[in-house]
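Next up is one chain by itself, shown in structure tokens, the form predicted alone.
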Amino acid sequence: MTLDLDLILHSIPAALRGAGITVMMWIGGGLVAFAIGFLVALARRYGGGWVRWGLAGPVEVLRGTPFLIQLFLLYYGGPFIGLRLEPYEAGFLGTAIYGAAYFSEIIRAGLEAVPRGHVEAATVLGLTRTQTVARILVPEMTLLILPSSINMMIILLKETAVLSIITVPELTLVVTAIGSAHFAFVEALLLLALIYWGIVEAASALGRGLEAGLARYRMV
């Protein structure tokens, strides 16, 4: 048996179209996940006991169950409660909710890691809670959580492969369909792995550049 390199080369345009949808779902879902996670982390820090407990439960459930099962329940179970979503909608929403649970914990840990003396100094200077969050906590927290956030985004990228089970025409669905049509599964999986690896490397390089840029800013 030999690898069919011609099939791999001819499959690249279709695979790149699928990769475009993967990146769209990944970046869009990841940004919404970060925004929700930030709000949840703030609510758990400054909210009352009921708010903290009320949010901790869903976060733990989402972190304690596989994304595959969550997506199945959202897409196929949603109609039982009147929630009918198209594959794109379910994929985007599922990615955002799944990622939000993890980002909320990353951000919560980042907020807790900011030295208490900095917050107390802001209070002594007369800053309001909103000003303290905006001027002290968020800038310092951003530097602290950047590596973890980049790592989480890379995990989210690889989790988007699960969206194929609800027929979102992303990278995995497109390439595995090509492999099935030509009975060339090794070639398809090899192409799939190479494209995912390329996207991950690009994201990692971007993250390293961002870290370096922020580190220089911090030194100033």
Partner chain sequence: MSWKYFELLALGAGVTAIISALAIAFGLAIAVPIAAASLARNRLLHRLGRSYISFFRGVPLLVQLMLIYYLLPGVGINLPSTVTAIVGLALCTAAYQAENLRGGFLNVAPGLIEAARMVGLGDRQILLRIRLPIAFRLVLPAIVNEAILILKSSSLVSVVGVSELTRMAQNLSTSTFKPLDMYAMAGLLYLLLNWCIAGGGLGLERALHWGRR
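These numbers were taken from a predicted model, which means no experiment stands behind them. Positions refer to the first chain, counted from 1.
Not on display, but discussed next: the form predicted in complex with its partner chain.
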Report task. Quick one: from 33, 42, 178, 192, grab the residue that has a heavy atom within 4.5 Å of its partner chain in the predicted complex. Result -> 192
Query raised in the report: Is residue 117 a contact residue for its partner chain in the predicted complex, using a 4.5 Å heavy atom cut-off?
Result: no
Query raised in the report: residue 146: heavy atom within 4.5 Å of its partner chain in the predicted complex?
Result: no
Requested in this report: Would you please decide whether residue 52 lies within 4.5 angstroms of its partner chain in the predicted complex, comparing each non-hydrogen atom pair?
Outcome: no
Requested in this report: Find out whether any non-hydrogen atom of residue 81 is located within 4.5 angstroms of its partner chain in the predicted complex, and reply yes or no.
Outcome: yes
Report task. Go through 135-143, 107-115, 73-81, 122-130 and give me the stretch that gets within 4.5 Å of its partner chain in the predicted complex, heavy atoms only. Result -> 73-81
Query - Within 4.5 Å of its partner chain in the predicted complex: residues from 152-169 (heavy atom criterion) - result: 158, 161, 162, 164, 165
